[in-house]
Structure formats: structure tokens, C-alpha cells
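For reference, the chain that follows is the form predicted alone, supplied as C-alpha cells.
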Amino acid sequence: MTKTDVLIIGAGIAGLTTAIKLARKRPDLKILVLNKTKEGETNTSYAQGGVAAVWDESFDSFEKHIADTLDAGDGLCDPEVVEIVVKEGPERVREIIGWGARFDKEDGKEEYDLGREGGHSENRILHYKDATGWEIQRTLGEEVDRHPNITLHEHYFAVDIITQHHLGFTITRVTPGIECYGTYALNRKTGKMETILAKATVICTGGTGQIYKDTTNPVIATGDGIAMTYRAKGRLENMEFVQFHPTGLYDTAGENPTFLISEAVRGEGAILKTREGEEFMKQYDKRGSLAPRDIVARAIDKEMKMRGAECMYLDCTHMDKDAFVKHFPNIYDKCLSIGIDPMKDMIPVTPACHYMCGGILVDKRGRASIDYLYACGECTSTGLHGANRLASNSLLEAMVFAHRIHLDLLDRIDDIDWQEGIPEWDTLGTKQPNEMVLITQELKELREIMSYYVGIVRSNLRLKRAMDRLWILYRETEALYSASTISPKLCELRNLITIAYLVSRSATMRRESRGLHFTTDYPEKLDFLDRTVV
């Protein structure tokens, strides 16, 4: 049994920023960070585009960034949260620059090269080539190493958060005063379950993209933190709002993950076209190829279905080659590796699952509905994104809420103690699963169900079929889980089935079309519908 003051589950921008800020203010605190894989392998490290912040007030303003965010969120953003993130964001960006982040600057100048992406009215995206997430992850990793009171455990898989349930009490979703005492985690190197007790726990486990066949998310994006919180009877909201990025590289569809053609490419002037070279986005939105992602993804999906096409195309052939290669070196090299020269050939693109806009319901301090439990980053629903996330607001949100969480923890951590009497993990009656092929097959079936029935366009019939098939998968997987010793693959499958169910159920509850949720049975937007809470 391990005791730590603060336990952070997840080692991307949300988790490491929270750890660093706590460590800088309170070097006496023990801070333990769990990463279920190796250091640096996080959702954050896959982010291409950048971080949005009002940087040059000679042409940009907080009011413009707020308006863009509210517009993208299609009426479901919390205006107060939007104002908090937009106004506090620039200072958080300056902090990470102070820690060593190297955002691109204009040639021969000290000013930052600010990019523009879909839904933004001004250039406000700070970036590092087309690998901004990698650069931020590098910066945070080096900063963590400067703080001896931060311990980073690699290859630790958090299975469940510990609550009064594990002390023998019955807990339901309406039970008041649920408390988190830490987590049960699988040490993947030893194969042993470990009990980790904490005064406060922060979930920073990233996204859920692996519920779909085609996703830009890494294989680790299995919704673990959201699923754990749901099992612990914590509150979630807006799980139906799954963002599909309009421009996954078609030639990598089926690979895991799908290679992403960053929205920043369109921000630099690339244009979406048909195979015949016809621009089509203007008929869907006056902003054309730079409309918000929900609009662009649906337009591409519709054009593909109308034309019987497997993809649309991104035309970069009119762009300056030197500037393109400098700004998008990884995209350029990837295209060349599969026989596409972006300066001569249009890039085939198709939508791919990209971001979860719903998640663990948290307040403006980052507190979840379970006491002593916080959450930060993509696994949360803060009220910032509403029905659709504005491009490059995610890294900003993580930094702002990590800061707010650390301030709240500093105020209360000394008044919290560890819970005694927590039992060790019970493995009685379980055995090693000898049918691993079942896990692989059920994961494949899950992704097909979600892709066919709960994708960009939904209907009552599709959602009903998804729910019926997910119920069968759930029963089979729970039976296997109850009889088997813990394995990461089995736990991830269990979490993904939970996430898929929550997305489908929430989509069934929202009887309107709004933002990322479009259903043919309810094509209109209704003014009186707000959050879907589960």
C-alpha cells in the first residue's frame, strides 16, 4: 500500500501541469503521477495544431476569442467558463514558455508566428511546426525532472478509484457525500494490483477515440478516467458530443491511429475540394473551409455519400512549398511516404474521431461531484466547449484548469487525511483468461457498432441497434472480467464499452440536432434543451 498527498492519473498536459504547479508551491508534498504506458506517450503528444490565446491585442481581443468559442459551442457553452479560460489563458501560455516551450516565431523576428484555424476570426494559434503537443510534452517532462517531490510511475494502469463502496457501503448516483480515497492500479511490470491512497486524486486520462474504427487518437485513448468515475457514481455530462476531425488522411484510414492533417493547413490557405477539383464548402457555410469542425465534418460526410466517394480532397498545390515544409514537416513527409506530393497532388481526406467534448462534470475549480476527486483536460466537461470544441482551445483549457485545481488544492490539502481500513484488491476465484481472442474480437465489434450507428449522422433506429448490441458486449465482458485476473486489454475493453454506452445513451436523450450531434429524426435545434447528465 502506497500513500501520497496528491495522486494524478495521467501524464499529459493536464496531469503534468498540475503536478508541476503543486510541486513549485509545496515542495513538502508527495505528488505521484501514474502513466499507463511509457513517459511521453500521451494524448497531448499527438496534438498538431497549437494552443489558442489572445496574443496580439493590436488586432485581436478577448471579446473576439470569447465570441468564436461561443459560436462554435452552438449555444451550450458556459459563458462564465469561456470568459475564465480566454482571459486567464495568455498568462498560462507565458508560464509554459518560461518553462522552455519553443513556439515558432516569424522569420528573423521576435514576434510569434500566429496561425489561424477553423472557427477563429483572427490569427491567435501559437504552434511548434505541426508537432505542438510533442513540444509541450517535452517541456513538461523536463520541468517535472526538476522537482524531486514528483514521482512518475510508468506502466501503471488505474483500474478503479476507491470510494466508500470499497468499505462495504452501498452507493448510488443519488448518494450524498461520496468520497475518493485513491485508486487500485495494476503495476504492468510486476502484474500485481497495488493500492494507492491519496488525500486528493486528479484524473487526467485524456480522450475516448478508440471507440471508433478511425480515430486520430493514440491507442491509449480508451476513456479510462471517465469510465472509472461513472462506475464510482460520479456525474458526467454531454457525452453525445464526439468531435470528428474533418481531415484525417484517407490513405491511413484503418491504421491506428489515423494520421491527422492539421486544421492549421486550412488556416494557411488549403481548400477542400471534390475529386474533380470543385470547392464545395461555401454552400454549407460562408466561412468555407475554415468553418467550425462540426459543420465541415458533416459537409464532407454528406458530399461523400451523395457522390458515392470514399473521400474528399484538400488542395495545397497553390501554397508556397518552403513555407509548407517549414510549418508542416511531418505532414509533408507522411504524404510523400505514401506517394502524395502536397505541392502537386490533392491530399485525400476523410473525417475521423478526434475529441470528446463531454466527460466528467467539474466545477470552476476542477472539482468533480465526488469529494476529493478532481479532473482536468479532455476527460472533463467544464462548460468551455459546449456542443463543439473550437480548434486549439483544448490545450488552453488544460493549462487554465490545472492552475485552478492547484490553487484549490493548496487551500485544502492540509485539512485532508488518508482514509484508513481500505482493503487490498481481491483476486479470489479468478484465473488467467485463456481466450484473449475474445477480447480482440469484441473490441473490433465495438468499434464497428459505434462507427456504423453512432457516427457523424445518427437516427433513433441506429442508436437502438447500437444499444442492443452494446448490451450483449457488456454482459459478455463483465462475465469475463468477474472470472479473470486483471489485464490492461480486458480493462480497456471494459472501459470502452462503458464509454460507447454513455455516448449512445446520451445521444438517445438529446432529441434535437446541435453541434456535433446530428440526428435525422430531430433535425432542428431546440432552445430549451441544455445538458445531458448521466
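For every residue, the number given is its place in the sequence shown, counted from 1. Everything numeric here is computed off the predicted structure, so don't read it as measured data.
This next part talks about the form predicted in complex with a small molecule, which is not shown.
With a 4.5 Å cutoff on heavy atoms, L516 does not count as touching the small molecule in the predicted bound form; it lies far away. Taking the partner from elsewhere, S506 is found to have every heavy atom lying beyond 4.5 Å of the small molecule in the predicted bound form. G377 belongs to the set of residues with a heavy atom inside 4.5 Å of the small molecule in the predicted bound form. Contact between T498 and the small molecule in the predicted bound form is not found at the 4.5 Å heavy atom cutoff. Screening 155-163, 80-88, 67-75, 312-320 for residues having heavy atoms within 4.5 Å of the small molecule in the predicted bound form returns a single hit, 155-163. Among the residues M450, M228, I196, C335, the one placing a heavy atom within 4.5 Å of the small molecule in the predicted bound form is M228. The partner is absent here; in the predicted bound form, the one residue of Y212, Y355, Y181, Y250 having a heavy atom within 4.5 Å of the small molecule is Y355.
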